[in-house]
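Just the one chain here, the form predicted on its own, laid out as structure tokens.
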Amino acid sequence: MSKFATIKEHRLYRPGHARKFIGDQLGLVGRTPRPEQALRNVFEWIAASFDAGGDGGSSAYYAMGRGWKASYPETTGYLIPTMLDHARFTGEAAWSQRAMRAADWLLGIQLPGGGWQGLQVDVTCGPRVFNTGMILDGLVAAHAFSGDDRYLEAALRGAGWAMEQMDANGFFVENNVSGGGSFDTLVLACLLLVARSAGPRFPAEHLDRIRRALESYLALQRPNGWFERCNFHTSYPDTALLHHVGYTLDGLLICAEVLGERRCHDAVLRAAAKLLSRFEVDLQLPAYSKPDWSPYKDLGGGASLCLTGYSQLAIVFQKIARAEGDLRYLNAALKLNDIVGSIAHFRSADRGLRYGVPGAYPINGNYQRFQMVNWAAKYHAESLLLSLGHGRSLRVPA
């Protein structure tokens, strides 16, 4: 695409858009806000994403040049526990009310088979496993908050549908955007959260299959900690997207906790040690990494950053620091939070731009380019809450 076409498509002639684009090219970012300020910033944008759709769901993203996208069931689902955590932290009931409206909206759009559609609600799309898994996370949180069994019943139906899509090796190949990727460990984790909440109502045979499936996912990790099938098959071959690495590692940590599987925890440590070392040396992590953990230069002369992955890794690092007592991980996590917070500390009269977390840095990087995405906001918010003592606990298996 020519430079003129890029300017026209993304309306870079608008003052706010131009300021963001040019600032990124020059490496200019906002001042580093304190965690409390960064949290207020990101939740201001999250509120705007819900207001944009007006249906109870959160808009998937704000695209420079096209505006707000329609509400996204998947990411609305996993925003629910984050909003409930924020309500507990701030004492602001408006956030728990917004979370429960989102949960009710998801109940209203559950498909007859039990799953939820992929993509946004203005796109015709059948049910998808990964999207459904993330919604289960939100419904379990809604049930724990309210005690309303409707949310758990819906989660059990969704879990049942997802288990029907699992193949003999434990991968979700059909009706799934990953095609059986390593980042489906987070789907297994969400299924286990349903199981923990439902107790004997969750079929024992499902638990057995999930345990066996973990063997297949752990086999995708190479001796150096890198995971195979950790990117969309349509993206750069033989690379891992940091966002999907984050899904994979956090999923394994949750599986380790719920099942008491130390091997899952150790697999996370192998990958995390490599990522920590590279971050300490390079002071940044690429959006895409090769099998030897070296950067894939998606921008030709350099590598862009995936800010969603930064926040997810900050969450993983904080959990490891808490579990292992290793302050190197905590220090790196707080630095990652500061980097994302500084890039997102962008003031604008446009609510879509103001304090949004871009998919990529610079904004023209190849992951969700020229977009402020709600899943990046979710993970930034979760990481900040965790740093302020209001995140999910983690018990390390013996």
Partner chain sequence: MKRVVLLIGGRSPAHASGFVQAYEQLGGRPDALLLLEPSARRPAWVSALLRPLKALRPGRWKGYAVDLVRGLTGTQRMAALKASWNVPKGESSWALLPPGIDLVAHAQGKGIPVHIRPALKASVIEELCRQGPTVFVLYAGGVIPDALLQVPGAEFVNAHMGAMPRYRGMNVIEWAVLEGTVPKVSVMLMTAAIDGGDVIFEREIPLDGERTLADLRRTGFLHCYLAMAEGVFRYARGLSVAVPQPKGARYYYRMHGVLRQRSQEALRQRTASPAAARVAP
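Here the structure is a predicted model, which means the values were calculated and not measured. Positions refer to the first chain, counted from 1.
Quick note: we don't show the form predicted together with the partner chain, though the next part is all about it.
- Among heavy atoms of A47, none comes within 4.5 Å of the partner chain in the model of the complex.
- Although the partner is absent from this view, L353 stays clear of the partner chain in the model of the complex, with no non-hydrogen atom inside 4.5 angstroms.
- In the model of the complex, the partner chain sits within 4.5 Å of a heavy atom belonging to L28.
- The closest heavy atom approach of A52 to the partner chain in the model of the complex falls outside 4.5 Å.
- Checking 261-269, 161-169, 185-193, 283-291 against the partner chain in the model of the complex, the stretch whose residues place heavy atoms within 4.5 Å of it is 283-291.
- For the candidate spot formed by N331, L334 and Y361, every residue has a non-hydrogen atom within 4.5 angstroms of the partner chain in the model of the complex.
- Contacts to the partner chain in the model of the complex (heavy atom within 4.5 Å) from stretch 325-353: D326, L327, R328, L330, N331, L334, K335, D338, I339, S342, I343.
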